[in-house]
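In the structure tokens that follow, the same protein chain appears in two forms, which are kept apart as structure 1 and structure 2.
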Structure 1
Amino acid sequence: MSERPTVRVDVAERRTVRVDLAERGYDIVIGERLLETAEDVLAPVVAGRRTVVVTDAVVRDSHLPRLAQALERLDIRWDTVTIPVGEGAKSFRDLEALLERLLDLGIDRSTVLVAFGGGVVGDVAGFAAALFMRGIDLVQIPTTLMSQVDSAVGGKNAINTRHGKNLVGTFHQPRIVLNDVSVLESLPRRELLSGYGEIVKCGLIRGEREFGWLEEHAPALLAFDSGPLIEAVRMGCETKARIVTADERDRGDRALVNLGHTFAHAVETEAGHGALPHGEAVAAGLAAAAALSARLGHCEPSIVHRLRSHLRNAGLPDRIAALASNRHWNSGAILGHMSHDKKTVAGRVHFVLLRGIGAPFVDGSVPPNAVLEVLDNECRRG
């Protein structure tokens, strides 16, 4: 691919979301073709400091050259470390290999680590930044829609163990997050839609205005119309930023970002981890959470219909049965996985339910038979 001779960056299309955590606060800068001029955004953190970019081979091959040019213009010493592609890299082995590689490079506490990739790179590099010499500065440059609106915001990182996903990790906030929506154009369609599942979740959490806006603009943003895409990423980041600000260390309100996730995690466990894109499971989980809310009389059934039709129109599954459609889903087995979810508190499954669009709440006393009834229906084909 040849480089464009001139770079036109429409500054009006740039948005900033502040994650307001006092001395750990930071900006998320969102825009089109930001990598081309990344030195502007990165300079306050990176200027004059040694930098290591952690990435994977897919992102390195398609997007590193533009970031490299920006780093060259900052005239700093920088290196790249490549970790394996995919969920398997979230392991003790690959974390150790990354830390040893950083030591080989002879970096010190003033070095900045840049996580340049999807959520896997963000989690492994974020964890390494938290551990290296007890913590060095981290910059997130997420390159999937999922990571731009979710994993790069909020400072959580984790790896997997044989006991399950994301069980070992830290909190380590980045110094800045740079979301260039133009890098999303190379994403496989299924990965793009998976990230959109989290944005639908944010719309439901936020309110009628945001959800209605998504209903209207989903076709354009999923076709990479940059204006609506930037706005959707901004709304997703702002939603997570607000929740994280209220509850940085995940002790209470942060649970609201798990809307749909109790169902999604159980379905992912049943399918086998990695068998489904996470956002597809989230989409089906949102529909199930809305159906459970309606079943318990918390919200109008019309909200469930509206959500299902939005998911279908976007190309996402609107119920569990629509996931990996040749599969027979076992509602009892899915219910069984829920009681093992790490969000379970003192043996009670905590569901995020809806009183309406924009009115999520946590309910720790949902009768299991109501959940099973909803699951039976969500798993039924036809």
Structure 2
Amino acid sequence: MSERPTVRVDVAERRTVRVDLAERGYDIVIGERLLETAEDVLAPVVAGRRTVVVTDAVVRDSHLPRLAQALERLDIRWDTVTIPVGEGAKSFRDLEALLERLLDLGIDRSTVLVAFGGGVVGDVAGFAAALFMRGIDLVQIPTTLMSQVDSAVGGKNAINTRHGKNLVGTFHQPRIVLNDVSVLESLPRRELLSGYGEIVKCGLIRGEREFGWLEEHAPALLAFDSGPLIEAVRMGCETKARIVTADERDRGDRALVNLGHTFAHAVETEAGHGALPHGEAVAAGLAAAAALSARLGHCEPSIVHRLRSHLRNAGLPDRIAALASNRHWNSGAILGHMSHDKKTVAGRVHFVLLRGIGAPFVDGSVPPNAVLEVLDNECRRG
């Protein structure tokens, strides 16, 4: 799908990926220590405009002082709104609270909303930006690996309901995305690995060279080696940007970025929203999708074995049973949750499957008994 990623990157160099959506296109800027000079990137969007930074308490306490200095140098009026930490904030209740707080601040349609945090902050702030006065400008400054390579790119914003994950939402593209990889050093190991689950997905989508590069460089990037880390973030953003450019509204090829997610979202719903790191569920979902592909004869079983080996070596679960050591997974219940998946059309679940590494496709004719057979195996211990 693309040329082989560079093995090393000059850490002082900024990398830019373009999401080409004509007049709504925007840049994703990637590099180290970008918050300290954020005014250089943000000025074209926020200069002379009221700005509100939406964040959570963890990011506020850890990283807001660095961003605040840049905003002060822009000489603009800006405020901070803090939302609750965690997946529970992706709710009607907390979305309403954020909108009411924005109204309390007296902002108007010229205001810029800055989503400064992980995927939850990005989703809730992005949704609010889409709704407030029928849409105000949004800037994404993601602070987790997961959000830098996936959720902050592409304009999809959503909240959860009791029926499932991300079922209520909008498309609202940001004006710019600022990916400062230095903020990732503060992440707990498990959170970093969760983001790496999305990067593995990108490698599977892109091709043999990219997946092979990840197999070779995963230890370095997971140890915060800036060169490989920047390259992995760039690869993830470029993968998402290419697909979003071709299919912004998720009607066709964009579904490919959901490789593994039909299984992952169903597992997350079964476990309860926020009970599992999303990237761990994605990792197990990737293995299940590969296993289903092999079960249906679309790809060689060796691909499944290779994927499981890489996930284990990286420290990620390689099957659903590995997600929680003390939990019994009900394969029938997980299959039932899939009926609420966004890719379900006319009662049929559309799965993203593999013909090989770099060859994903959407299949809307998968027999439920084949899915249940794979789920039984993926949920079985030992």
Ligand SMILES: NC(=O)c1ccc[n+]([C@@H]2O[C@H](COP(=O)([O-])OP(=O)(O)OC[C@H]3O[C@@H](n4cnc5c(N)ncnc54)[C@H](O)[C@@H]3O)[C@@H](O)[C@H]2O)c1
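Just so we're on the same page, rigid core means the largest C-alpha set that superposes within 1.5 Å between forms. No experiment lies behind these values; they were computed from the predicted model shown. Here, residue number means position along structure 1's sequence, counting from 1.
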> Looking at both copies of this chain, which one is the form predicted alone?
Replying inline: 2
>> At a 2 Å cut-off on C-alpha positions, does Pro219 qualify as shifted between structures 1 and 2 after fitting the rigid core?
In response: no
> Under a superposition restricted to the rigid core, does Gly135 display a Cα displacement of 2 angstroms or more between structures 1 and 2?
Replying inline: no
> Is it true that Ser186 shifts between structures 1 and 2 by 2 Å or more at the Cα, once the core is aligned?
Replying inline: no
> Once you lay the two forms on top of each other by their rigid core, how far has the C-alpha of Gly164 moved between structures 1 and 2, in Å?
Replying inline: 2.7
